[in-house]
Each structure stands twice: as structure tokens, then as C-alpha cells.
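Take a look at this single chain, the form predicted on its own, given in C-alpha cells.
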Amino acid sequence: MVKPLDLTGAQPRRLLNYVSGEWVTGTGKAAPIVHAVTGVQFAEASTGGIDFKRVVEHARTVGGPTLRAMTFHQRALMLKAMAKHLMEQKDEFYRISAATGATKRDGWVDIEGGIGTLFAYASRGRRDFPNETYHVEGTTEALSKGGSFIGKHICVPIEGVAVHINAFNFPVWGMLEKLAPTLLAGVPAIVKPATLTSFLTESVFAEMVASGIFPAGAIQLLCGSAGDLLDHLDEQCAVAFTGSAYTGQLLKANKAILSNNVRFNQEADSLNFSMLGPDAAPGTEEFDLFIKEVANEMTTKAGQKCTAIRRTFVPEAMVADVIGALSKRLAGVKIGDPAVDGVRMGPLAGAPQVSEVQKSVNRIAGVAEHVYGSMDDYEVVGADRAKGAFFPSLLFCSKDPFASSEPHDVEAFGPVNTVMPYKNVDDAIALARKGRGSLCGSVFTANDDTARKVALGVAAYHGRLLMANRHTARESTGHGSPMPQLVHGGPGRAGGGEEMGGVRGVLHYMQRTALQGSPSTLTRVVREYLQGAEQKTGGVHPFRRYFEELEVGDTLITGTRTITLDDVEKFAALSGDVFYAHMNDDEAKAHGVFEKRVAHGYFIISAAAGLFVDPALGPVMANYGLENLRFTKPVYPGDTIKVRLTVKQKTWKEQLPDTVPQGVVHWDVEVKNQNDESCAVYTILTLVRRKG
């Protein structure tokens, strides 16, 4: 059992590592961990004595097989259960988070933002993936003229381990945003947080282990040095790194990573920009939103965010207005102990960060004018400035941003920003590109043409772009908030990697394999009916069968129905669809698409339903949806149609309280005419009752 931390330093303890199913104390020399506000040491961290090869093998042989045996839906429900459990323990996490220098708002982004990512992937896992241990991707590829030889892509979990190396600034979110897609993919993970704030990671990790929700070997924790961990990775492994570009390059150069072609996702330094549009003059809503967002990005987490705004682009005529408005807003931000009412910005995470930020500030100050803030004269509320890791908000102005490279190259990872004037939108785009690859950028404008020009001009250099205006203000998550549904990462100096992004984040931990064979063979392999595969006809009508009784390939060939002119006119009257192609022969032929009046496509699929539906009460409960509808050949009055209805795929649904046990059946539907020509193809989804 992991003991709660005493943040006063009265009883400092060594952080624990969770490896091979046990909590162990690292031996030998340890790195001291101090309170960011008080400067008091209350913990230390070490991984001395740990057999890193054994750690990797434990994940590979214990955690991996268990996770891979679970379906996506089971893994998604596991994430959901963990998210609920962690939310119940969040008060303790907030208590520990205070020692990182985080305000309550900062802690919310880190703690509840991280837990929210688990919830998000739990939802995506059940919505976007099948209730199988693998994922079938994309369309079927025809590889032969006769259709007897086809191709299909399948994605399966890699069979190694994912190593997550996280940065100090988000010890909870950084861990959970990587764990969510990794575990959903079915891959075990070894978490290596930054030592500086690993004490908060340990607290959350301890609750994950204590819950018993994740299977043995699924997760392991290293609080301290990673030692020779990377040396034991092979071609089935992956590394996700967040940190400095310099450290990332060292890790990527590891011999085992290079020789085994280990997947390496990197999120590194980023000099993100925010641009005030030429139309967003003082007094406009966009101007006010811009000032608020830039100041917020400077002071949230004391500017210790990989997505924070470092470069602020402003029309030349508005520079003085922007500096004045920003200075006024920053002056209202109280710096100090986050436990004190009214404090909106805490310290940096530790003394080492103060030194690093100061070095970067010195380089920027050498080429830019210092326009707000003082290193020597700033107030700290409720704490001793000399003991804590406090740093003031600083604003610079680079009057000729094309003349010097430092503001575009040097990232001061704290509450520091540089204002840069631009002459026109093309200038602003050129400035954005000088960052040589960023995680995100933003433009505040009410002119959608400006937003389009900026987006297309800088997209190649950015992982994410926010186009903000008065219409998004109420619901926008802001410039610096990565979302689980969207890619988090960026090109060039930002690392070139991608995290999250919904399905994309999960597939990073899976192997995509092309399968080739006959439709029947591939149908059997992937458990999804593919065109041309063998069909099983006869027996009880498929709508009379329970979910468990239906098998992929079960097929109903219906009787026929001749479509009449009266049918077309009655459907037009009933639906109100009197489009000329359905109502007049000459007009229908006018464009050379149809030979004469044509039946409504939606009438054809309605008539098809009349052919295949069994009307009596049975296990089929409701139509759940219709997908991928295409009308492949016109149906004219006088044509005769018939339908093939085939079980394409089955998806078990989680049973909620007070509901009937059920599953979703995907039916492959094809409507043909009297010449056996395909007229319409689509997939129908129905809710079908389970026996259970």
C-alpha cells in the first residue's frame, strides 16, 4: 500500500515504483523532490536496483496476452470503470497537486482533463471499434476481374510494450492521455513520469493499482531514471515521448530503437503563435477575446504548457493597444501560493525550471524590447519568493521579427511571450512558419476569408489550428486545450508525432496487415460478410432469429415486386417529393441521365424493406440506422425488383439497467432488377434481442 505524502516535509519518503506486479523502493542515490511553493523537500525518487529487462518481459508475457484476449468493448468498459474510480478520488489528487505549484484551475486541467480523456476513449472504443479483438479497416479492395481474389486490411495489437516518457508539466493528463489509446489498443504500458512531479503521478497510479480494474501486467510505473529500459525494446514495441527536442533526439538515437525500428512518437518544444486579425481592432469582440486568451495561455500552469502561446502576431497599427491591454490584464493576475484566495498563478514546478526559463529569457531579451514585468520587482502572495520557484509574467516586443531568430527559436517554458508586428496577412503567415513546426496556432478574426488564408498558409507547419471569433467564444475550449478527438502533435521541431486523434491514436499501437484471399476465406477470417462470399440461405426467416442464432453470411433472397407508375405517383404525393425526374418523361430525359420517369430512390429502399421484413413480433426490435447507401442503376416503372439481405456483421451491446439484452446486426442489402443488375446497395443496422 502506498502511503499518502506528507507535503510539509516532516516525514519525507522515497517514492515507490510499481514493477512486475509489486511496489518496490529504488535503492541507492535518489533525486530530491521539493515543494514548488515552500521549497521544502518532502520526497525523493530512485529506480536503483530495478531489473528493467524483467519489467519489459513482465509487460510482454503477463499484461500483453491478457489485454489482447479482451475485445475493444471490454477494454473500453475497463477505461470507463477506471475513470469513474479516479473521479471518486480526485480530492486527494488536488491536495498533492498543490505541491507542483498548480492552482485549482491548473489542477482541473491536469487531473480532470486526464480522467476525461479516459472517458472519451471509453466512448470511442464502443462507438468506433467492433466488439472484437481486432479492427477491420477501410473498404474491400478488388484484386481480380472476376471478384474471386480480394484484399482487406486488418489491425491487430502490437505484441510488445508501450513505453510512455512524460513531461513534468502535466503529471496526470500526460500519463492518462497516453494510457487511454494504448490500453484500448490492447497494449501494456510502462509509465515513466518526469521525476520533478512524479509524486503526483505516483498518487494517481496507486489508485489505479488499488482498484484492480486493469489486469496484471497492464501498467507499470518508474519514478526516477529509466536506466537501460529502452535497450530491451524490440520491433513489437512503441515509445511515446513528451519533452525537450534535445532529449527526444537522444532517445530516438538509442541503438535498440534504431535497429529494431521501434515506433517512436515525439511531442517536443513548440513556439506556438496566436494572431490578431486585421479586422479585430480594439473595441471588437475578437480583440477582447484575443487579449483574454493570450493572457490566459501565459498564466495557466505558469506558462508551463507545450501548447502555450509564445509568439503573438499583431497588425502594426495595433501593437501599442495590444501591449497596453495585455499589460493591464497581466497586472491583475496575482502570483503566489495557490492555496490563498485570489491567487491565479502559482510558481514554476521547481528551481531547475526557474533557471532554465531565466536562461531563455536572457536570450530573448538580447534581441527584443522588454515591455512588461520585472524579474526584481513583483509581489508573491502567501509565500516566500526566495524559497519557492516563482517567476513573473514577462512580455517582450520584437519590433522587427524577421531580423532575429531568437523569438522563433528559443522557448521560455514559463509565463513569457513576445509580441510581433506584421504588415499584412502574408507577413503573419511567414512569421508563423518561422517556428519551424508547432503544436498549435490560433487566429482571432471575424473575417472568414482571413481565417481561410491563414489556415491554408500555416497548416503544413502546425498540428492544430484554432480559428476563434465571437461565434465560438461561448463553447470554445481555447487555444491550448488538446482534445481527445483531435490530433495532438505537430511537425518539425514540435516532434513530428501525433497523439490522441480519436481512432488514429489507437491505431498507432496496432499493426495494419493486408489480407488477400477469396471473399469466403476473408469473410471467415474477419467475421464480416464481404461481397462475393458464400451465403447461407433457407431455414427460419432471419428476422425470427435471436442475436446469438444469426451468423455472418446468413442470407434471405426475397420474392419480387414490379414497380408501377401508380407506385411512383402515390409516393410523390405521400412524401411531397415531386422532383421533375419522377413526374415527367420529357423532363426526366432532358439531361441524358434517365431514359424516362424514374422511381424515387427512397421508394425503392422502402419497397425493398417491404420485401424482406417479417411483420410479426420477433427478436428484431428496431431499425438502428442506414449506412453507405448508393443507387447504382435507375429503376423505372415496369421494372421488377428483388432483394438480397445478408448478415454482414454483429456487434454485442452492453446491457444497461432496466433494458432488454441486445446487439446490433449490420445487414448487407442489395436490390436487383429483372436483369439481375444491382440497383441499390446499402447497410441496415437493427437492434436484435439477445437470449441472455
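The model shown is predicted, which means the values in this text are computed figures rather than measured ones. Note that the rigid core is defined as the largest set of C-alphas that superpose within 1.5 Å between two forms. One rule holds for the numbers: they count along the sequence shown, beginning at 1.
Beyond what is shown, the protein has a form predicted in complex with another copy of the chain; the following relates to that form.
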| property | result |
| --- | --- |
| One residue of Gly324, Gly227, Gly382, Gly151 in contact with another copy of the chain, assessed in the predicted bound form (non-hydrogen atom, 4.5 angstroms) | Gly151 |
| In the predicted bound form, the one of Glu88, Glu369, Asp448, Asp400 near another copy of the chain [non-hydrogen atom within 4.5 angstroms] | Asp448 |
| Segment that reaches another copy of the chain in the predicted bound form - one of 299-307, 270-278, 459-467, 413-421, heavy atoms within 4.5 Å | 459-467 |
| Partner contact for Gly217 in the predicted bound form: another copy of the chain, 4.5 angstroms, heavy atom | no |
| Interface membership of Lys328, another copy of the chain in the predicted bound form, 4.5 Å heavy atom rule | no |
| Touches another copy of the chain in the predicted bound form: Gln266 (any heavy atom, 4.5 Å) | yes |
| Residue contact check: Val660 to another copy of the chain in the predicted bound form, 4.5 Å heavy atom | yes |
| 4.5 Å heavy atom contact with another copy of the chain in the predicted bound form for all of Ala30, Thr66 and Phe391 | no |
| Heavy atom within 4.5 Å of another copy of the chain in the predicted bound form - qualifying residues of 413-434 | Arg433 |
| Threshold 2 Å Cα movement between this form and the one not shown at Ala430, rigid core reference | no |
| Large Cα move at Ser476 between this form and the one not shown, threshold 2 Å, rigid core | no |
| Core-superposed comparison between this form and the one not shown, Leu550 Cα displacement 2 Å or beyond | no |
